[in-house]
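Taking the form predicted on its own, here's one chain by itself in structure tokens.
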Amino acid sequence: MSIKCDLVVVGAGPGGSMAAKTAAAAGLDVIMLEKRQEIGDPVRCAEGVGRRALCEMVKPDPRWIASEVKGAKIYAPDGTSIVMSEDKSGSEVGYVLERKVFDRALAMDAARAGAKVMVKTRALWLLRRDGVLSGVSAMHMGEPLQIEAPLIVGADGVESKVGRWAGIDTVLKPKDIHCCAQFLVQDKSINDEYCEFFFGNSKAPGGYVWAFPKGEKLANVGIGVQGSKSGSGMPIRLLKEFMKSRFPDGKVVEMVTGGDPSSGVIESATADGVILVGDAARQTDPITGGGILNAMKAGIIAGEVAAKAVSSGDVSKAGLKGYEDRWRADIGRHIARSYEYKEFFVKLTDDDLNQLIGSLKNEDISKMDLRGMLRVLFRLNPKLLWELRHLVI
């Protein structure tokens, strides 16, 4: 079976759906492929997003908001904690979503805009004619399918086969990926008002543990361990140890595992006839691991650039330069800065972390953003943070 369209989007996560919706709304004939039979399942995400940034892109729907939080509590290895307000806590705090509902809603929006959504459809390879990309070879519900299209958006996650097939270097070093595990936990002691972050090399080497409330005393409790410091089964083992100390009576009702990129800016997110979006383009924040909002922003940019490129007939790497320029000027700039933060903070000992977080106990940081808090930390701990002076002064 063979069909034709203007644009194929591989992957129906937030980035893929926003790209499909934007391109379809601009007049392109779009097909979006999802390898699973259900969009949004399984959930490999803490599900936190910043309220303001999300509302700039979509209108919130109570059906896909599990809870609203006041801010973030950050815990040092010795238990000392500080509090940041929701609007200053970063792009992972504000709403905690129901991703299964949220992702499906975004895919439905893409369909309403005119995109054709095909579930249980796995991309197998990129088609080429006379050396020029000409579409996607796929398997749709067990049947072979060829989709002819001049342009492909790869929104197919951290392992991005589309990127690899297009010749884009998507390989991650062990230190630039976090091995993650997450439990959906029911426990009466869960803090329903704050997202909580727990640091310490004994708790999560090179990463952190989180607890994101979902209402009714449910929470996503998860861990990310730097790949270069992780061993076989380590994330689940450490998460179970954390549960024993923090939520000893907690009941685990779901579990997921996966990897999260924590690298710097990818060298190239485009090739002739190909655009990468979201985790496929390493657009996840290296220090927090959050990627929903960045993927959505990049998806919108990709959809707009795709519409212009297909209309002009130039889908070459040079013709897709507008995508590279726009996402790097916004998302890429923040990723580069966060990567420097990550590279520094993963080297700190538990004593260093206790000193830094403890030094803020008498400071009013509730309304500070990360950069403002770092300035205060630098003032209080100049010797320890001297390496970051160019980022905070």
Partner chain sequence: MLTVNRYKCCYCGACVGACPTAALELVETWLEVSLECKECGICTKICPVGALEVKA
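Quick caveat, the model's predicted, so the values are computed rather than measured. Numbering follows the first chain given and starts at 1.
Although it is not shown, the form predicted together with its partner chain is what the next lines describe.
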Worksheet item: Mind checking whether each of Leu172, Ile177 and Gly259 has a heavy atom within 4.5 Å of its partner chain in the predicted complex?
Response: yes
Worksheet entry | Segment assignment from 145-153, 97-105, 225-233, 185-193: heavy atom within 4.5 Å of its partner chain in the predicted complex | 225-233
Worksheet item: Applying a 4.5 Å heavy atom distance criterion, does Lys217 contact its partner chain in the predicted complex?
Response: no
Worksheet item: Closest heavy atom of Glu159 to its partner chain in the predicted complex, within 4.5 Å or not?
Response: yes
Worksheet item: Within a 4.5 Å heavy atom cut-off, is Lys342 in contact with its partner chain in the predicted complex?
Response: no
Discussion item. I'd like to know if Gln37 sits close to its partner chain in the predicted complex, meaning any non-hydrogen atom pair within 4.5 angstroms.
Written reply: yes
Worksheet item: Exactly one of Lys120, Lys317, Lys308, Arg128 has a non-hydrogen atom within 4.5 Å of its partner chain in the predicted complex; which residue is it?
Response: Lys120
Worksheet entry | Candidate from Ala111, Met255, Met243, Val83 lying within 4.5 Å of its partner chain in the predicted complex - any heavy atom | Met255
Worksheet item: Taking its partner chain in the predicted complex, which residues of 278-293 have any heavy atom within 4.5 Å of it?
Response: Arg282
